[in-house]
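There is one chain below, alone, in structure tokens, taken in the form predicted alone.
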């Protein structure tokens, strides 16, 4: 059960203290307090844990400070959408708004290789008016002898170049909790020229200790990629680990499922789950077409497969696209065969714009149509 308090109720106010005092006396019930900080107001939510089925919603609703009572219908109680739940679905970070109603493109390097390539990528992104990019410093690899990323050594110049070109958010995968401190330290050393969205990759989707550690810090938002060999439900519960520790600024990433049923693509594209995740949770949804397709193959119509699957995600309502570009794909140290060329970035963004416009027209059509009871 979730208690949504009136916007003017603070954790120091008399109604809040009265409410929590009452809850502390309920047998078999524990509670956690979470706050949603918005641009204009902070909403306080209280999550009741235990035998809440014995509680009458009507009795709880009349308690001081309570605006609404929501029965929890799913295991992911913090990030989930529950019956009658129409709460806001966005968060802000470093001046960028992430929600279920907008779209950002994170075009960049799957793995940082040289400062020159980083600068070329940053300049291309900025020239197209984008404020976000992806830059891989830590790379988990299947083969222990493959390039594992430059790690903390590349962070200073990545962040400085992001600041130089006005990039506000850099998506960066981490593989161990110690890397969060390395990122924090590098940002401090360079004067915080940009922001970082921590990315937890598909191989760590059920690394619960990493999830809990990243969830305990609330400085950086998190992009959690779906586990490539587990169910959607299991992956959504992995996201809940982050929120249960305090970090609710979570974007859920779809990156394809590991199965030969997707051949010749690298993974079976799972972007039909974009609206499903938005229906079940309050998380913005990211799609990673590069790691789903894994190649630069082109259809007979002349359109690259990466473009086609990106359009599938966007037209289904995706809120973020994570896509690989590289100034010289043949020289890339990771996933060069799937990287798009910098010269293709304007075409890619125009294709995304067309798909987004189609989605918005479809959504407007649905909103104007009578709904079945």
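Residue numbers count along the first chain shown, from 1. Note that the structure is a prediction, hence the values are computed from the model and not measured.
The next section is about a form of this same protein that is not shown, the form predicted together with phosphoenolpyruvate (PEP).
**Student:** Quick check on this chain: which one of 249, 291, 273, 150 has a heavy atom within 4.5 Å of phosphoenolpyruvate (PEP) in the predicted complex?
**Tutor:** Selected option: 291.
**Student:** Using a 4.5 Å heavy atom cut-off, which residue among 202, 237, 100, 281 comes into contact with phosphoenolpyruvate (PEP) in the predicted complex?
**Tutor:** Answer to the contact question: 202.
**Student:** Is there a non-hydrogen atom of residue 242 within 4.5 angstroms of a non-hydrogen atom of phosphoenolpyruvate (PEP) in the predicted complex?
**Tutor:** No, residue 242 is distant from the partner.
**Student:** Does phosphoenolpyruvate (PEP) come within 4.5 Å of any heavy atom of residue 173 in the predicted complex?
**Tutor:** Taking the distances in the predicted complex, the answer for residue 173 is yes, it comes within 4.5 Å of phosphoenolpyruvate (PEP).
**Student:** With the cut-off set at 4.5 Å between non-hydrogen atoms, does residue 110 touch phosphoenolpyruvate (PEP) in the predicted complex?
**Tutor:** Yes, residue 110 lies within 4.5 Å of phosphoenolpyruvate (PEP) in the predicted complex.
**Student:** Residue-level contact is defined here as any heavy atom of the residue lying within 4.5 Å of phosphoenolpyruvate (PEP) in the predicted complex; does residue 306 satisfy this criterion?
**Tutor:** Residue 306 lies outside the contact set for phosphoenolpyruvate (PEP).
**Student:** Would you check whether phosphoenolpyruvate (PEP), in the predicted complex, lies within 4.5 angstroms of a non-hydrogen atom from each of 134, 225 and 322?
**Tutor:** Result yes, every residue of the spot touches phosphoenolpyruvate (PEP).
**Student:** Of 155 to 163, 142 to 150, 273 to 281, 194 to 202, which is the one stretch near phosphoenolpyruvate (PEP) in the predicted complex, taking non-hydrogen atoms within 4.5 angstroms as near?
**Tutor:** Selected stretch: 194 to 202.
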